[in-house]
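To begin, one chain is listed below as structure tokens, in the form predicted on its own.
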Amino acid sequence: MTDASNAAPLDNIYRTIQSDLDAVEISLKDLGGSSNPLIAEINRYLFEKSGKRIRPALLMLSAKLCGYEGRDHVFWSTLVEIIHTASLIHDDIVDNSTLRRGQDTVHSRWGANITVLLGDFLYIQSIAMALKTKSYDLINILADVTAQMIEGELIEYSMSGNPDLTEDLYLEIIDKKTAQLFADSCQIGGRLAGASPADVGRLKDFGLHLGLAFQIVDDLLDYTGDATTLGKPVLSDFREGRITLPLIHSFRQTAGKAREDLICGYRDRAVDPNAAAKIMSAVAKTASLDYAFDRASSYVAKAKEILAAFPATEHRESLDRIADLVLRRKK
């Protein structure tokens, strides 16, 4: 469940779609009714705590923004949340994360082998459920975004611990891992509503920019967040070898022996108890947190600019407020 700092804003933003989001929660919990006891047990564990559900909300609000009045948006919103959950499961294994949303990760409870298979199962299950609709344009979107998310994970893993990771490659990684699912959630909403190709394109671009901002802020929170609110230790991404925008910028702004010392400090993070403090000092000295936040802010500004092309309705207002919340979220 969302904590007190985020619950009220989201409850207010989601007010026009709350009953539909409740239906998504029921659908997700139904996955715990699998005939396989192990799959049922893990699925119940995965979906007993609801997260922000931003991707389903984006799909629903995009559909309603374009005049949709049907019920299929609940089904497709459930699928994008399943795909998102599967990606988190794989992410946690690759990063060897032990906590997510304040509880043990699946692999830390059931082991990596079972968890890899469960993540694969969720991916396949979502596509199998989609195939029953015979809505092949939407199925192709889901299949493509799933492939891109996995590709993003592969690129990120291949660059893990590499201080030569560039900002451009970092942006490619977060585009594939995070932003494309935001974009396609919005796109599916527009397509369900029968929106014009131009409006579908705008919705996709809105989601893309919002997703880029979301991930940059997520990476910032690893440096600036509160462990209790985050549900995992601060600097956990850093300790697991992930190099994100603040550190990329700090590496870039540091030269000579200072840069060599910074890289050595990063590489010694597992054995040097002072490594985290050294990195935080360097990131502060190079104003890298401000740089990353400014980058996220520019993506949110672009997303809001794109959204302004749509008529002013309560659904557009909700999407606009989600964009604002992305920048000030605490978890």
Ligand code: FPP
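Start at 1 and count along the sequence shown; that's the residue number. Note that the coordinates shown come from a computational prediction; the quantities given were computed from them, not determined experimentally.
The same protein also exists as the form predicted in complex with this ligand; that form is not shown, yet it is the one meant from here on.
J.: Residues in which of 256 to 264, 191 to 199, 205 to 213, 95 to 103 have heavy atoms within 4.5 Å of this ligand in the predicted bound form?
T.: One stretch meets the cut-off, namely 95 to 103.
J.: So, in the predicted bound form, is His107 in contact with this ligand at a 4.5 angstroms heavy atom limit?
T.: His107: no, not in contact with this ligand in the predicted bound form.
J.: Report yes if any heavy atom of Thr178 sits within 4.5 Å of a heavy atom of this ligand in the predicted bound form; otherwise report no.
T.: Contact with this ligand, yes.
J.: Is it the case that Tyr123, even though its partner is missing from this view, gets within 4.5 Å of this ligand in the predicted bound form, heavy atoms only?
T.: Close contact exists here: in the predicted bound form, Tyr123 approaches this ligand to within 4.5 Å, heavy atoms only.
J.: I'd like to know whether Leu88 contacts this ligand in the predicted bound form, with contact meaning heavy atoms within 4.5 angstroms.
T.: Yes, Leu88 lies within 4.5 Å of this ligand in the predicted bound form.
J.: Just give me the single entry in Met149, Val234, Met159, Leu171 that has a non-hydrogen atom within 4.5 angstroms of this ligand in the predicted bound form.
T.: Exactly one residue meets the criterion: Met149.
J.: Ok, Val217, Ile248, Ala130, Ile83: which has a heavy atom sitting within 4.5 Å of this ligand in the predicted bound form?
T.: The residue in contact is Ile83.
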